[in-house]
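A single chain, nothing else alongside it, follows as structure tokens in the form predicted alone.
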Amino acid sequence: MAKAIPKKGSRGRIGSRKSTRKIPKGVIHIQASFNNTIVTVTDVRGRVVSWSSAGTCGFRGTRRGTPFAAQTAAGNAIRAVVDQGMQRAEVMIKGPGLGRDAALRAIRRSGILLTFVRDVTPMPHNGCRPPKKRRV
């Protein structure tokens, strides 16, 4: 079904569709795997404000797991929230990847005051049985 064509004199929506709200404090989640680094910035309630990953920054293949890719991804995610007025943040780091320290360094350099940095990597308490050892 076709949409009705608006009249010439009528105006549509004025301004941007998404309202930019001021966010003084937030939570930065860094998930660093061996293949990629994903940085997500949320408000205190957990709603996503901004996110970036090494893949969306243009890195492909094995270069996504590098520290430089993680640094670039963190910089892109932080740049959007600094414009919205974020001054303080908590950092949650998850995963064993190379981008952990590089992403944290990029966040420190951005000027956001970090209240605490917590490692939330899931550790099994002898849970599942691991796969059998390889015989080469």
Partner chain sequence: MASSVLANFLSIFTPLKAPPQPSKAPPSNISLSTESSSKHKDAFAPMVASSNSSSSSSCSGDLMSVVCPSLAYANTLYFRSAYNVQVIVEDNEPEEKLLGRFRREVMKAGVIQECKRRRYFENKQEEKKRKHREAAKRNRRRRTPFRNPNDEKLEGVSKKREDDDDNWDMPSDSPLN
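Small disclaimer: the values here were computed from a predicted structure and weren't measured. Numbering follows the first chain given and starts at 1. Here, rigid core means the biggest group of C-alpha atoms that superpose within 1.5 Å across both forms.
Separately, the form predicted together with the partner chain exists; it is not shown, and the next lines address it.
Peer 1: Evaluate F34 for contact with the partner chain in the predicted bound form, applying a 4.5 angstroms cut-off between non-hydrogen atoms, and reply yes or no.
Peer 2: Heavy-atom contact with the partner chain at 4.5 Å: present for F34.
Peer 1: Just to confirm, R60 within 4.5 Å of the partner chain in the predicted bound form by heavy atoms?
Peer 2: Judged by the heavy-atom cut-off of 4.5 Å, R60 is well away from the partner chain in the predicted bound form.
Peer 1: Would R21 sit within 4.5 Å of the partner chain in the predicted bound form, counting heavy atoms only?
Peer 2: Although the partner chain is absent here, R21 would stay clear of it in the predicted bound form, with no heavy atoms inside 4.5 Å.
Peer 1: Even though the partner chain is not shown here, does R109 get within 4.5 Å of it in the predicted bound form, heavy atoms only?
Peer 2: Looking in the predicted bound form, residue contacts with the partner chain include R109, since a heavy atom lies within 4.5 Å.
Peer 1: Using a 4.5 Å heavy atom cut-off, which of 95 to 103, 76 to 84, 62 to 70, 48 to 56 contacts the partner chain in the predicted bound form?
Peer 2: Of the options, only 95 to 103 has residues within 4.5 Å of the partner.
Peer 1: Mind listing which residues of 98 to 136 have a heavy atom within 4.5 Å of the partner chain in the predicted bound form?
Peer 2: Going through 98 to 136 in order - heavy atoms within 4.5 Å of the partner chain in the predicted bound form - the hits are R100, D101, L104, R105, R108, R109, L114, T115, F116, V117, R118, D119, V120, T121, M123, P124, H125, N126, R129, P130, P131, K132, K133, R134.
Peer 1: Rigid core superposed, CA of L113 - does it shift 2 Å or more between the shown form and the other one?
Peer 2: No, because once the rigid core is superposed, the C-alpha of L113 moves less than 2 Å between the shown form and the other one.
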